[in-house]
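Here's a solo chain for you in C-alpha coordinates, the form predicted on its own.
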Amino acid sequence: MTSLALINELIGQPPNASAHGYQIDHIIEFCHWFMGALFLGWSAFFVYVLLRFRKGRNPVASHEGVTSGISTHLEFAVVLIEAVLLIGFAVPLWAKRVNDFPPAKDAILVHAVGQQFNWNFHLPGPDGVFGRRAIDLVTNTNPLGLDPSDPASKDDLTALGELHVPIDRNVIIDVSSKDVIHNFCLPGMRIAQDAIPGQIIPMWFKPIKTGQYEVVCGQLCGLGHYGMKGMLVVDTPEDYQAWLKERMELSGTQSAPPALARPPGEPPPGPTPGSVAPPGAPKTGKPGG
(Lines give C-alpha, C1' and ligand atoms only; values in the text may rest on other atoms or scores of the structure.)
Protein backbone atom coordinates (compact mmCIF):
# COMPACT_ATOMS: atom_id res chain seq x y z
CA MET A 1 0.00 0.00 0.00
CA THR A 2 2.94 2.32 0.59
CA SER A 3 3.94 2.02 -3.06
CA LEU A 4 0.40 2.80 -4.15
CA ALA A 5 0.33 5.85 -1.90
CA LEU A 6 3.44 7.22 -3.61
CA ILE A 7 1.22 8.96 -6.16
CA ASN A 8 -0.33 11.04 -3.36
CA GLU A 9 3.11 12.23 -2.35
CA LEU A 10 3.97 13.07 -5.95
CA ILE A 11 0.98 15.41 -6.21
CA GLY A 12 2.03 17.18 -3.00
CA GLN A 13 -0.61 15.84 -0.63
CA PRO A 14 0.45 16.29 3.03
CA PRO A 15 0.65 13.20 5.25
CA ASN A 16 -2.61 12.12 6.82
CA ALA A 17 -3.09 12.86 10.53
CA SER A 18 -6.71 11.82 11.15
CA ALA A 19 -8.38 8.53 12.00
CA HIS A 20 -10.60 8.54 8.90
CA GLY A 21 -8.02 10.01 6.50
CA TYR A 22 -6.73 6.69 5.21
CA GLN A 23 -10.12 6.07 3.59
CA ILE A 24 -9.89 9.37 1.74
CA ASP A 25 -6.34 8.55 0.70
CA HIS A 26 -7.37 5.16 -0.70
CA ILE A 27 -10.02 6.75 -2.89
CA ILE A 28 -7.59 9.41 -4.11
CA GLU A 29 -4.95 6.76 -4.83
CA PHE A 30 -7.32 4.59 -6.83
CA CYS A 31 -8.73 7.55 -8.78
CA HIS A 32 -5.26 8.73 -9.79
CA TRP A 33 -4.07 5.27 -10.78
CA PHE A 34 -7.30 4.74 -12.71
CA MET A 35 -6.93 8.08 -14.50
CA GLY A 36 -3.27 7.27 -15.19
CA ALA A 37 -4.27 3.95 -16.78
CA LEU A 38 -6.90 5.72 -18.88
CA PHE A 39 -4.38 8.33 -19.98
CA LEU A 40 -1.87 5.70 -21.10
CA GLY A 41 -4.58 3.59 -22.75
CA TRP A 42 -6.19 6.41 -24.70
CA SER A 43 -2.77 7.83 -25.64
CA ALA A 44 -1.70 4.44 -27.02
CA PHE A 45 -5.00 4.19 -28.90
CA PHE A 46 -4.51 7.69 -30.32
CA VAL A 47 -1.04 6.80 -31.61
CA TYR A 48 -2.39 3.55 -33.07
CA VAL A 49 -5.14 5.42 -34.91
CA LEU A 50 -2.65 7.93 -36.33
CA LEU A 51 -0.54 5.08 -37.75
CA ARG A 52 -3.31 2.67 -38.71
CA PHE A 53 -5.42 5.20 -40.59
CA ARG A 54 -2.70 7.38 -42.05
CA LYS A 55 -3.22 8.66 -45.58
CA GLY A 56 -0.49 6.48 -47.06
CA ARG A 57 -2.29 3.33 -45.95
CA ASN A 58 -5.82 4.62 -46.52
CA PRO A 59 -5.81 6.93 -49.53
CA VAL A 60 -9.58 6.67 -49.82
CA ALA A 61 -11.81 7.52 -46.86
CA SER A 62 -13.95 4.75 -45.42
CA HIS A 63 -17.56 5.66 -44.67
CA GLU A 64 -18.50 2.46 -42.84
CA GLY A 65 -17.39 3.76 -39.42
CA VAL A 66 -16.57 1.51 -36.48
CA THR A 67 -17.61 -2.08 -37.07
CA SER A 68 -16.27 -3.59 -33.82
CA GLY A 69 -18.06 -3.36 -30.48
CA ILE A 70 -14.89 -3.20 -28.43
CA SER A 71 -15.05 0.58 -28.03
CA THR A 72 -18.57 0.31 -26.62
CA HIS A 73 -17.42 -2.28 -24.10
CA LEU A 74 -14.44 -0.15 -23.06
CA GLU A 75 -16.58 2.93 -22.55
CA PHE A 76 -19.12 0.93 -20.54
CA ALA A 77 -16.31 -0.44 -18.34
CA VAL A 78 -15.06 3.10 -17.63
CA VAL A 79 -18.56 4.27 -16.69
CA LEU A 80 -19.06 1.21 -14.49
CA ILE A 81 -15.81 1.77 -12.58
CA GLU A 82 -16.65 5.44 -12.06
CA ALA A 83 -20.13 4.51 -10.81
CA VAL A 84 -18.66 2.02 -8.35
CA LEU A 85 -16.25 4.67 -7.05
CA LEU A 86 -19.04 7.20 -6.61
CA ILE A 87 -21.89 5.03 -5.33
CA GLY A 88 -19.90 2.31 -3.62
CA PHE A 89 -17.17 4.36 -1.94
CA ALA A 90 -17.48 8.15 -2.14
CA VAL A 91 -21.16 8.53 -1.22
CA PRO A 92 -21.07 6.12 1.77
CA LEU A 93 -17.90 7.76 3.10
CA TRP A 94 -19.45 11.22 2.73
CA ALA A 95 -22.67 10.05 4.40
CA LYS A 96 -20.73 8.68 7.36
CA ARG A 97 -18.91 11.98 7.86
CA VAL A 98 -22.11 14.07 7.82
CA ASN A 99 -24.46 11.68 9.66
CA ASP A 100 -22.45 9.59 12.14
CA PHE A 101 -21.23 12.25 14.55
CA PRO A 102 -19.62 11.18 17.84
CA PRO A 103 -21.42 12.07 21.11
CA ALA A 104 -20.91 15.74 21.89
CA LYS A 105 -20.29 15.00 25.58
CA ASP A 106 -17.15 13.04 24.68
CA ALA A 107 -15.79 15.46 22.07
CA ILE A 108 -13.95 18.76 21.96
CA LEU A 109 -16.48 21.41 20.90
CA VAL A 110 -15.34 24.43 18.90
CA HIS A 111 -17.02 27.19 16.93
CA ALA A 112 -14.97 28.39 13.94
CA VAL A 113 -16.10 31.68 12.44
CA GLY A 114 -14.57 32.88 9.18
CA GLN A 115 -14.09 36.49 8.22
CA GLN A 116 -12.13 38.32 5.59
CA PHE A 117 -9.37 37.15 6.05
CA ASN A 118 -8.93 35.12 9.19
CA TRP A 119 -10.41 32.41 11.40
CA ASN A 120 -11.87 33.05 14.86
CA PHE A 121 -12.20 30.15 17.31
CA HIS A 122 -14.60 30.03 20.24
CA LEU A 123 -14.44 27.35 22.95
CA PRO A 124 -16.64 26.93 26.05
CA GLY A 125 -14.90 27.42 29.34
CA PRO A 126 -14.90 25.13 32.39
CA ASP A 127 -18.73 25.25 32.54
CA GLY A 128 -18.90 23.55 29.13
CA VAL A 129 -21.48 26.09 27.88
CA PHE A 130 -20.99 28.48 24.97
CA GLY A 131 -21.79 32.08 25.83
CA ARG A 132 -24.21 34.13 23.78
CA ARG A 133 -22.89 35.90 20.70
CA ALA A 134 -24.60 38.73 18.86
CA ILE A 135 -23.65 40.56 15.70
CA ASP A 136 -24.38 43.96 17.19
CA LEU A 137 -21.68 43.32 19.81
CA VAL A 138 -18.92 42.67 17.27
CA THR A 139 -16.00 45.10 17.57
CA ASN A 140 -12.29 45.05 16.81
CA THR A 141 -11.63 43.89 20.36
CA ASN A 142 -14.60 41.51 20.41
CA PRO A 143 -14.53 39.91 16.94
CA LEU A 144 -17.02 37.17 17.88
CA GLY A 145 -19.52 39.47 19.55
CA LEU A 146 -19.47 37.70 22.92
CA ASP A 147 -22.10 39.07 25.28
CA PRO A 148 -20.34 40.13 28.52
CA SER A 149 -23.69 40.17 30.34
CA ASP A 150 -24.23 36.46 29.72
CA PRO A 151 -22.87 34.44 32.66
CA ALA A 152 -22.01 31.56 30.32
CA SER A 153 -19.57 33.74 28.37
CA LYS A 154 -17.49 34.75 31.41
CA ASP A 155 -15.19 31.73 31.11
CA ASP A 156 -15.33 31.25 27.34
CA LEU A 157 -12.07 31.06 25.42
CA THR A 158 -11.35 32.71 22.09
CA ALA A 159 -8.39 32.45 19.77
CA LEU A 160 -7.50 34.13 16.50
CA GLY A 161 -5.89 32.08 13.76
CA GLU A 162 -4.64 29.23 15.96
CA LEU A 163 -6.60 26.36 17.46
CA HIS A 164 -5.25 23.68 19.80
CA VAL A 165 -6.87 20.25 20.21
CA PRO A 166 -5.73 17.13 22.08
CA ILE A 167 -4.60 14.00 20.28
CA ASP A 168 -6.89 10.95 20.01
CA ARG A 169 -10.06 12.91 20.86
CA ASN A 170 -13.00 13.56 18.59
CA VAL A 171 -13.27 17.23 17.60
CA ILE A 172 -16.60 18.73 16.52
CA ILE A 173 -16.33 22.14 14.86
CA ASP A 174 -19.37 24.28 14.06
CA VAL A 175 -18.39 26.35 11.04
CA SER A 176 -19.93 29.71 10.14
CA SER A 177 -19.00 33.04 8.56
CA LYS A 178 -19.37 36.71 9.38
CA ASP A 179 -19.28 38.03 5.83
CA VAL A 180 -18.89 35.94 2.66
CA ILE A 181 -18.64 32.23 1.90
CA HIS A 182 -15.39 30.71 3.13
CA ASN A 183 -14.25 27.10 3.42
CA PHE A 184 -12.65 25.71 6.58
CA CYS A 185 -10.17 23.25 5.11
CA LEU A 186 -7.76 21.00 7.01
CA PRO A 187 -5.73 19.16 4.36
CA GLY A 188 -3.77 17.21 6.96
CA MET A 189 -7.00 15.96 8.53
CA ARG A 190 -8.67 15.21 5.18
CA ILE A 191 -11.70 17.29 6.07
CA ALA A 192 -13.24 20.56 4.88
CA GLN A 193 -16.53 22.41 5.24
CA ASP A 194 -18.01 25.54 3.70
CA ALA A 195 -18.55 28.48 6.05
CA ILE A 196 -21.78 30.14 4.92
CA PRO A 197 -23.18 33.36 6.43
CA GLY A 198 -26.34 32.68 8.42
CA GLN A 199 -25.72 28.95 8.67
CA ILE A 200 -24.00 26.71 11.21
CA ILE A 201 -22.56 23.56 9.62
CA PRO A 202 -20.80 20.97 11.79
CA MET A 203 -17.78 18.89 10.84
CA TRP A 204 -15.74 16.41 12.86
CA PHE A 205 -12.48 14.49 12.85
CA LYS A 206 -10.17 12.65 15.22
CA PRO A 207 -6.48 13.67 15.14
CA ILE A 208 -4.05 10.79 15.62
CA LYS A 209 -0.71 12.60 15.29
CA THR A 210 0.65 15.54 17.24
CA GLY A 211 2.05 18.48 15.30
CA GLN A 212 1.05 21.63 13.46
CA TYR A 213 -1.35 21.50 10.53
CA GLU A 214 -2.29 24.35 8.23
CA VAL A 215 -5.83 25.68 8.08
CA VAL A 216 -6.68 27.19 4.70
CA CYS A 217 -9.71 28.78 3.10
CA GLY A 218 -10.90 26.57 0.26
CA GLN A 219 -13.21 29.16 -1.33
CA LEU A 220 -12.22 32.29 -3.23
CA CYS A 221 -13.39 34.92 -0.73
CA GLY A 222 -11.81 38.18 -1.88
CA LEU A 223 -8.52 39.85 -2.66
CA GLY A 224 -6.92 38.61 0.56
CA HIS A 225 -8.01 35.00 0.06
CA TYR A 226 -4.42 33.86 -0.48
CA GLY A 227 -3.48 34.96 3.03
CA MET A 228 -6.46 33.47 4.88
CA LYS A 229 -4.55 30.81 6.74
CA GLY A 230 -4.54 29.50 10.26
CA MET A 231 -2.94 26.76 12.31
CA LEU A 232 -4.31 23.65 13.95
CA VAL A 233 -2.02 22.38 16.70
CA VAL A 234 -2.55 18.82 17.92
CA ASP A 235 -1.17 18.58 21.47
CA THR A 236 -0.61 15.88 24.00
CA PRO A 237 -3.22 16.06 26.81
CA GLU A 238 -0.68 17.79 29.04
CA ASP A 239 0.22 20.41 26.44
CA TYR A 240 -3.44 20.99 25.65
CA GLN A 241 -4.16 21.54 29.33
CA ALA A 242 -1.32 24.08 29.47
CA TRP A 243 -2.72 25.87 26.42
CA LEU A 244 -6.17 26.07 28.02
CA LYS A 245 -4.64 27.58 31.14
CA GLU A 246 -2.72 30.12 29.06
CA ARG A 247 -5.84 31.15 27.17
CA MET A 248 -7.76 31.53 30.42
CA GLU A 249 -5.07 33.78 31.83
CA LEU A 250 -5.00 35.87 28.66
CA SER A 251 -8.77 36.23 28.74
CA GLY A 252 -8.67 37.33 32.37
CA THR A 253 -9.93 34.06 33.81
CA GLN A 254 -7.40 33.09 36.41
CA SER A 255 -9.07 29.88 37.52
CA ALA A 256 -7.26 26.69 36.60
CA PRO A 257 -8.79 24.23 34.11
CA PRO A 258 -11.22 21.87 35.80
CA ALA A 259 -10.24 18.41 36.97
CA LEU A 260 -11.88 15.85 34.72
CA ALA A 261 -12.73 12.20 35.05
CA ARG A 262 -12.13 11.80 31.33
CA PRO A 263 -8.71 12.36 29.76
CA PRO A 264 -7.57 15.88 30.69
CA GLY A 265 -7.51 18.72 28.28
CA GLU A 266 -11.11 19.57 27.50
CA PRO A 267 -13.96 21.39 29.26
CA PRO A 268 -16.34 19.09 31.14
CA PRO A 269 -19.37 17.67 29.34
CA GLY A 270 -22.65 19.46 29.46
CA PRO A 271 -25.36 21.11 27.37
CA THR A 272 -24.49 23.87 24.96
CA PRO A 273 -27.46 26.25 25.10
CA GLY A 274 -25.22 29.01 23.80
CA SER A 275 -24.66 27.22 20.48
CA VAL A 276 -25.00 29.80 17.78
CA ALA A 277 -28.00 29.61 15.51
CA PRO A 278 -27.02 31.83 13.76
CA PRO A 279 -23.86 32.66 15.74
CA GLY A 280 -24.99 33.86 19.14
CA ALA A 281 -28.70 33.27 18.73
CA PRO A 282 -29.85 36.36 20.66
CA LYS A 283 -32.52 35.90 23.29
CA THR A 284 -34.12 39.18 22.26
CA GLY A 285 -34.96 38.01 18.76
CA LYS A 286 -32.37 40.23 17.13
CA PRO A 287 -30.29 38.63 14.36
CA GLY A 288 -27.27 36.75 15.66
CA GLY A 289 -23.69 37.17 14.55
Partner chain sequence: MDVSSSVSTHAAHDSHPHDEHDHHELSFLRKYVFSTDHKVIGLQYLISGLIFLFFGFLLMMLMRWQLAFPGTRLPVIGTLIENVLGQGAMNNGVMTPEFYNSLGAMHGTIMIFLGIVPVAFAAFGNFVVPLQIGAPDMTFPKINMASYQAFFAGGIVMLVSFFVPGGAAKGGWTSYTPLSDIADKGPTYHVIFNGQTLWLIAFIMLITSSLLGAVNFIATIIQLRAKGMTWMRLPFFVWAQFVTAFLLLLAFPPLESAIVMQLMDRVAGTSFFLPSGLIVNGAAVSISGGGSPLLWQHLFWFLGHPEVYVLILPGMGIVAEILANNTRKPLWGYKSLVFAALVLGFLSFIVWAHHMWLTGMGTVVSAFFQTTTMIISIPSVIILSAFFISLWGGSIRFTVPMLFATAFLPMFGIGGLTGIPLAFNSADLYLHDTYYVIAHFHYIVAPGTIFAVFAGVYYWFPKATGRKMSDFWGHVHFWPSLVCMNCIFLPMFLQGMLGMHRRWYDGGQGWTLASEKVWGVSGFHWNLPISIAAWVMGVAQIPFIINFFWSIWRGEKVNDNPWEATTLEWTAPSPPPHGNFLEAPVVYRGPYEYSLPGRDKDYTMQTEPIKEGERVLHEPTMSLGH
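The structure presented is a predicted model; accordingly, all values stated were derived computationally and were not measured. Numbering follows the first chain given and starts at 1. For clarity, a rigid core is taken as the largest C-alpha set superposing within 1.5 Å between two forms.
Separately, the form predicted in complex with the partner chain exists; it is not shown, and the next lines address it.
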{"query": "Answer option from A242, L250, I27, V233, heavy atom within 4.5 Å of the partner chain in the predicted complex", "finding": "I27"}
{"query": "Candidate stretches 161-169, 147-155, 78-86, 121-129 - the one whose heavy atoms come within 4.5 Å of the partner chain in the predicted complex", "finding": "78-86"}
{"query": "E214 within 4.5 Å of the partner chain in the predicted complex, heavy atoms", "finding": "yes"}
{"query": "Residue contact check: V180 to the partner chain in the predicted complex, 4.5 Å heavy atom", "finding": "yes"}
{"query": "Heavy atom of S18 within 4.5 Å of the partner chain in the predicted complex", "finding": "no"}
{"query": "Proximity of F34 to the partner chain in the predicted complex, heavy atoms at 4.5 Å", "finding": "yes"}
{"query": "Stretch 134-154: residues contacting the partner chain in the predicted complex, 4.5 Å heavy atom cut-off", "finding": "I135, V138"}
{"query": "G227: Cα shift of 2 Å or greater between this form and the one not shown (core-aligned)", "finding": "no"}
